[in-house]
Structure formats: C-alpha cells, structure tokens
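Only one chain is shown below, in structure tokens, and it's the form predicted on its own.
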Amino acid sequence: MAGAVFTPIAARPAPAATVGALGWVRANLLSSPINALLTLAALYFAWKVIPPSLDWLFFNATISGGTVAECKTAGEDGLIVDAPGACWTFVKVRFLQLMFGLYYSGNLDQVWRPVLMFALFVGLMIPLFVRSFRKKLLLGAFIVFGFPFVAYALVHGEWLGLPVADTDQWGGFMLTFFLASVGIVGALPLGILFALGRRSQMPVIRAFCIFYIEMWRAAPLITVLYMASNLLPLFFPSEVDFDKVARAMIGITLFQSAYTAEAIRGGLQALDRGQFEAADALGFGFWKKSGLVVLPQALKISIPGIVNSFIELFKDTTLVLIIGLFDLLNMAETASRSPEWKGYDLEAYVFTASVFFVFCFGMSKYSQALERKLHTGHAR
C-alpha cells in the first residue's frame, strides 16, 4: 500500500533451552530416549566407580613411613589386614629400583648420574617447544646423534672414569628409556632409506627393501628379541662381545625400522605426482629431489603413523623380559612380589601405567602440535 509504514520487528533471542550449557546437554546427552538412557547409565557407572577409585587412590591411601607395617590396620576381629587404600609407601621405598634398576638402588651415592642424564634430556628438549628459538635443527640433530653417547657415558661410567654400572644391572624406567630412544633414533633414518628403496627404479634394491620390510613385519617382536639375544653373537667374531642390552637395541631398531619405512611409504604415495615431475623439471637428481621436495612433504604427512609406531615401540619394550632384562613393568612386578611387599601388585601396575601414560600421551600431544605447525599447505 502506498504510504504504509513498516515497523521492523526486533529479533527475539533463542530459547534458553537451546543455547549455553543447557542447550549442549539437550543436544548431546538427551536428544533421544536412547541417548537419555545411555546418559543415565553412564552417570550411574561413574557414581559407582569414580568415588571408590578416588578413595583408594588418594583419600585412604598410605604414603608415610618406610615399611609394610604402615599399610596394615587392625580389622574388626582384631586381625591385621591391609589398609583400605593404596599403599604408595611401596612405590616410595622401591622408587629408585623402579626407575634406575638394581645398580643405582644399591649405590645411592651414584644416583646423581641417571638423574643428571634425565635433567639434561629435559633441558635440551625445552627449547624445541619455544617458538623464538632458531637453532632447533642443530639442537635436534645433537639430541638424536650426540646425546645418546653423553647419556651412555653418564650411566655406564667407564668413559668418564666413574664406577662402572654394567648393563646387566640396568633396569626400570631407565632401561625402558634407553631401549625406546635408541630404537626410535636408529629406526627413523633406516626407515627413510628403506621407504625410498622400496620405490626405487632399480629392481635389485627394490626387491631387497621389500624383502627386508616384509620379513621384519612378519616376525613377532618376541621372536626378534630372542633371535637377537641368541643368534646375533654367531655372526661376529668370538672376541666381539655384545651384552644383552646391546642385542636388544639392535633387534628393536631393525624391527622398528620396517614399520617406520611403511609409515613413510604411505606419505610418499600420498604425494601428488606433480611434485615429482616439478622436481624433475628443475633438473634435480634423486637425492636432491628426495631431500628438498619429496621427503619434507612425505614426513609431514607421515607424522601420525610414525609417532603411532614409536608409541607402540615404547610400550613393547616390556617384552625384553624374554631375554632376561627388567624394564619398568618387569621391575615393578619383581619388586611387588618380594617377600616384604608381596601382595601389592595393583599399586605396582597403577604406577607403571601412569608412567607409560604420561610419556605416550606426551608424544601424542607433541606430534599433534607438530602437525598443526607444519600444516601450511592449505592455510589461508
């Protein structure tokens, strides 16, 4: 109509039940009768499990004292029974044994050596998380190729004139750390070479790399460790002596390199063919093309698979018990079955699981942060 005046209607706010915390609950937990039943079941399960677990872990736990008597209490009939909570006194008393093995738990004046080794490692890792630090490549190269020798010199002691801690006496988390670190550091360059070799145009090299990768992937790690411990010395002269830790490191490295190679091969296959053709058009040779064009992109794509295999390796170090080595889990089991602390297996397993979770979760979060930092191909 001519001359009509239209008055705009003010926008009304959304209903309170559809926004905020209440809206999230309605949309995610109570969106249907089945979801509502599942939510109630989950709340009931949490109410039944979480409070008793917290009581056992923290509120009723025992951490004082230094003997098993601290974890005992008088029952209703006057008999001595276990306290209702966890006995963290066991972990406190056996902490050095769980972390560093038999040698350092029996030589307290030498504990500073593995402690200094771990402190140096943490101190070297911190700058890698600082964005303004510009020498990350050099520092990373030193951590990978130089720090293992520094760590070995401190822990073993012979090179620095310190009391010798034979590898047969290494154990606990320190042994887990060494086995996993050497396996990761050694497997990455080997995996890169075998991944490139599997895609080589030379039939002999390609066949050898395929045979190597498939052979190690087809063998269980327990079998690899057993063969490394018993058969590896047969391939060397009698005067060459490999201790059990060195044999385990070699077997783990060869085993892990096959899985790393497959993760990197997946990244190579995911690259667009145009990347290879562009490098060829620029006149790059094989190594220059691989180092400047192909590998940086393939490794970026392969980060999830590579880190996943490294996390599996960190957990699989527990299998070294088959050759008589006592890593963190096996040392915890041994300590909890001693005559004094027999019956506290659950505390040992919870402590071990917590340590493994911290390090595996840390590797996972670092890989995710690295992915976000390097994911610039589609940034706007």
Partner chain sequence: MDDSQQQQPAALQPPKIPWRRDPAVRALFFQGALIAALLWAIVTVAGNTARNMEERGIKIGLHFFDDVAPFSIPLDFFPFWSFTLGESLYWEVFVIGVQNTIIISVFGIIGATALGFFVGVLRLSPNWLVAKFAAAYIEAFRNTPLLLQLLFWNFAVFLPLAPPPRQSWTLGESFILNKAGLYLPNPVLTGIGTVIFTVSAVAAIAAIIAMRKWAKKRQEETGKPFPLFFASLAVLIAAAVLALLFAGEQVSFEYAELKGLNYRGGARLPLIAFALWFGLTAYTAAFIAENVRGGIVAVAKGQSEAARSLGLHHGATLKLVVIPQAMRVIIPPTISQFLNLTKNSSLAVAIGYPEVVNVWAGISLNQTGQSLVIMAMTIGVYWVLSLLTSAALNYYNTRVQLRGR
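Positions refer to the first chain, counted from 1. Between two forms, the rigid core is defined as the largest C-alpha subset superposing within 1.5 Å. Because the structure is a prediction, the values reported are computed rather than measured.
Separately, the form predicted in complex with its partner chain exists; it is not shown, and the next lines address it.
- Interface membership of Ala218, defined by any non-hydrogen atom within 4.5 Å of its partner chain in the predicted complex, is confirmed.
- Although the partner is absent here, Glu70 sits far enough away that none of its heavy atoms falls within 4.5 Å of its partner chain in the predicted complex.
- Contact annotation: Thr39 falls within 4.5 Å of its partner chain in the predicted complex, judged by heavy atom distances.
- Not displayed here, its partner chain is kept clear of Ala61 by more than 4.5 Å at the level of heavy atoms in the predicted complex.
- Think of it this way: in the predicted complex, its partner chain has a heavy atom of just one of Leu231, Ala281, Leu108, Val164 within 4.5 Å, and the residue is Leu231.
- Met202 is the sole member of Ala141, Ala74, Ile210, Met202 with a non-hydrogen atom within 4.5 Å of its partner chain in the predicted complex.
- For its partner chain in the predicted complex, the listed stretch (88 to 96, 143 to 151, 166 to 174, 218 to 226) containing residues with heavy atoms inside 4.5 Å is 218 to 226.
- Interface residues of 342 to 368, taken as those with a heavy atom within 4.5 Å of its partner chain in the predicted complex (partner not displayed): Asp345, Leu346, Tyr349, Thr352, Ala353, Phe356, Phe357, Cys360, Phe361, Ser364, Lys365, in sequence order.
- With the core superposed, Asp109 shows a C-alpha displacement below 2 Å between this form and the one not shown.
- With the core held fixed, the Cα of Pro237 is displaced between this form and the one not shown by 2 Å or more.
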